[in-house]
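Quick heads-up: it's one chain on its own, the form predicted on its own, in structure tokens.
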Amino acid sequence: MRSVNAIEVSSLRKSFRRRFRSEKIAVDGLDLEVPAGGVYGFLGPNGSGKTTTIRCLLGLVRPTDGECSVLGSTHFPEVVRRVGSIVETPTFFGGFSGRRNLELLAQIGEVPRTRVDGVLERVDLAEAADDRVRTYSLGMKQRLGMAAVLLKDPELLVLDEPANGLDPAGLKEVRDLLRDLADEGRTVFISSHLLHEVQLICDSVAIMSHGRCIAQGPVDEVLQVRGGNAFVVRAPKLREAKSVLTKAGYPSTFRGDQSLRVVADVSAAGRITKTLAEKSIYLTELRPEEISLEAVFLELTGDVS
């Protein structure tokens, strides 16, 4: 595969044999291109194939078919020193301090121990560096995992749910850190279910469903998949309101929050109000829809009412 991206996936397929049951297909013909530099969000519901894809990228499982290229190599051991990763919850020696855990990792990875203090400072763990890891909160352990990833000064970071367990302040710290790392020229590839956070920091995204990529590209382009203008409508007798609006030429769909999404030009607010009022249906809310990554995600994955 010709490498023009930090990550390239071509026709990736991964299936698992299950005793006395049919074969389970976790990833089904996935094609993916992750540009070098910037933050790339890898999104999808549980069971959509995100973690299996990441494991294939990192050489932790062997693909059934297809090919993965990381930093231009289809043989991950060739580039492992240039990649930092977190897959699921990081594991450390609970009886050792955060600093000692990182010193051991530095020794194993042949990384200068002088980098330890720097990465602890960068993830805001300098004050707790000499505390035992068993006393750390989940969020602190996540940040220690980030420090471990940064030890070898990686060119590419592959992170599976890096903000898991963090409070709002911790989320902002991780968001700022990942954005800073990308601004330094690194590529940050993150799997996450925190769609609002992803939208704040990602340059590009891919959305997975049932082992396939159903949308990918720059965030602004993915947000445009819905197209056109739309309103959020709330009213009594919502099903009747939907029927009235659809017959009047305003396509309507149910949202997941007991409201309707009504496709109409921004100037149609008055006509929508009049159309419903003529049928004795009076609005409790009418506002322009704010297009968000969460809304696109829910619509594309079919996870709406």
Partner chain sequence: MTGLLLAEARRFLSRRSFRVIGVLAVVAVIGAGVLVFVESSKSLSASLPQAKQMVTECHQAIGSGPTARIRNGGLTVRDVASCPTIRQAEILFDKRFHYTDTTKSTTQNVAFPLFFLAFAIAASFVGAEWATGMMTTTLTWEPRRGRVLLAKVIPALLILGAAVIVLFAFMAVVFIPIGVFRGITTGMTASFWGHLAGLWLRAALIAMFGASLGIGLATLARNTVAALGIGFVFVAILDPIFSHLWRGRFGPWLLMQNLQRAMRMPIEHVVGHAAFGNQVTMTVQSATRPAILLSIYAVGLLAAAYATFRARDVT
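Numbering follows the first chain given and starts at 1. Quick caveat, the model's predicted, so the values are computed rather than measured.
The same protein also has a form predicted in complex with its partner chain, omitted here; what follows describes it.
The closest heavy atom approach of Leu58 to its partner chain in the predicted complex falls within 4.5 Å. In the predicted complex, its partner chain lies farther than 4.5 Å from every heavy atom of Lys141. Among heavy atoms of Glu184, none comes within 4.5 Å of its partner chain in the predicted complex.
The shortest heavy atom separation between Lys152 and its partner chain in the predicted complex is within 4.5 Å. Taken together, the three residues Arg62, Phe92 and Glu103 all lie with some non-hydrogen atom within 4.5 angstroms of its partner chain in the predicted complex. The stretch that touches its partner chain in the predicted complex, counting heavy atoms within 4.5 Å, is 83 to 91, out of 83 to 91, 211 to 219, 188 to 196, 161 to 169. This chain appears without its partner; in the predicted complex, the one residue of Val133, Val123, Leu71, Val111 with a heavy atom within 4.5 Å of its partner chain is Val111. The contact residue chosen from Val233, Ala230, Ala148, Val174 relative to its partner chain in the predicted complex is Ala148, the criterion being a non-hydrogen atom within 4.5 angstroms. In the predicted complex, its partner chain lies beyond 4.5 angstroms of every heavy atom of every residue of 171 to 210.
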